[in-house]
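First, one chain by itself: the form predicted alone, in structure tokens.
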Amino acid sequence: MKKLKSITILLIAGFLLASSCNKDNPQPVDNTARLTLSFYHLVDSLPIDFDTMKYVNAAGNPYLVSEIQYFISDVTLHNTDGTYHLLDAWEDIHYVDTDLYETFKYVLKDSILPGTYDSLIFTFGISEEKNQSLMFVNPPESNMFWPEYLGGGYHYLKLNGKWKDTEDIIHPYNFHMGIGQIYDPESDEITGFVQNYFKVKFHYNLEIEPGDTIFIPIDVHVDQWFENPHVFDFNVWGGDIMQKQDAMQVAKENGHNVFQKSMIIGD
């Protein structure tokens, strides 16, 4: 019984000591916030149906979509005081794959200071500085490699499917974006490269408080790759654009209309 009493007294003493230490050295309070982006893939403003020849683009091409993979990078918040916060301390490049549902959500690990932010910017693809060959060693990201002789690094986009020509013959298409090439018209040798990544900017009025978790949904209008501002005709360009910089330029300019903001959710 004396032994049990001694143990009880020691436990109480330990608890009181811990409580005293906690009062003297309080744990720091995290006053920062967090950001999550979610991607929703649409055609004609409705959730996409894969592997179904039900869509017709602005050029009149019947088409289906089988899979989409792409990179989002360098998410940046702009403050109303003119400063900006690049969220690249942790995972600065995010891979999205329509075959992998878990990739639809990009949970940024960087902390965000409370404040008022008027816009969010991200890069579609990967910047020239960061787009280095062999930085991804495991699939699925490593499967996005872009051939060295075409500029190296990684695809920005793989949009794969099928389309039907004017004679109702079905062809596969590989609507792939990455580093473009400039060719010598006589020798057909590569003389230069073109960076086809681009910035997407959304204007907001974000009032971020300490401890907030902000969820930003982004609608990905897949049909806009083929429609706005340029009408993309598979009968003209064919099914592959990888080594056709003129076609990738059309895709790049259309891409600004692919990503559209939706309602923000916060807690």
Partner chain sequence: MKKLILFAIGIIFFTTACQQENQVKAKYIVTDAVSAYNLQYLDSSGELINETVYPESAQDQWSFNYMANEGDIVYVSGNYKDINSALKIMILLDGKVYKQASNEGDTLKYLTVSGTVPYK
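Please read these numbers as outputs of a predicted model, since none were measured by experiment. Positions refer to the first chain, counted from 1.
There is another form of this protein, the form predicted together with its partner chain, and it is not shown here; the text below is about that form.
Considering its partner chain in the predicted complex, find the one stretch among 192 to 200, 70 to 78, 100 to 108, 168 to 176 with heavy atoms no farther than 4.5 Å from it.
Answer to the contact question: 168 to 176.
May I ask you to check whether residue 188 falls inside a 4.5 Å heavy atom distance of its partner chain in the predicted complex?
Contact with its partner chain, yes.
Though only this chain appears here, would residue 84 touch its partner chain in the predicted complex if you measure heavy atom gaps against 4.5 Å?
Answer no; every heavy atom of residue 84 is more than 4.5 Å from its partner chain in the predicted complex.
Would you classify residue 219 as touching its partner chain in the predicted complex, given a 4.5 Å non-hydrogen atom cut-off?
No.
Please run the contact check for residue 227 against its partner chain in the predicted complex: heavy atoms, 4.5 angstroms, yes or no?
Result no; residue 227 lies far from its partner chain in the predicted complex.
Looking in the predicted complex, is its partner chain within 4.5 angstroms of a heavy atom from every one of 145, 155 and 239?
Judged in the predicted complex, 145, 155 and 239 all sit within 4.5 Å of its partner chain.
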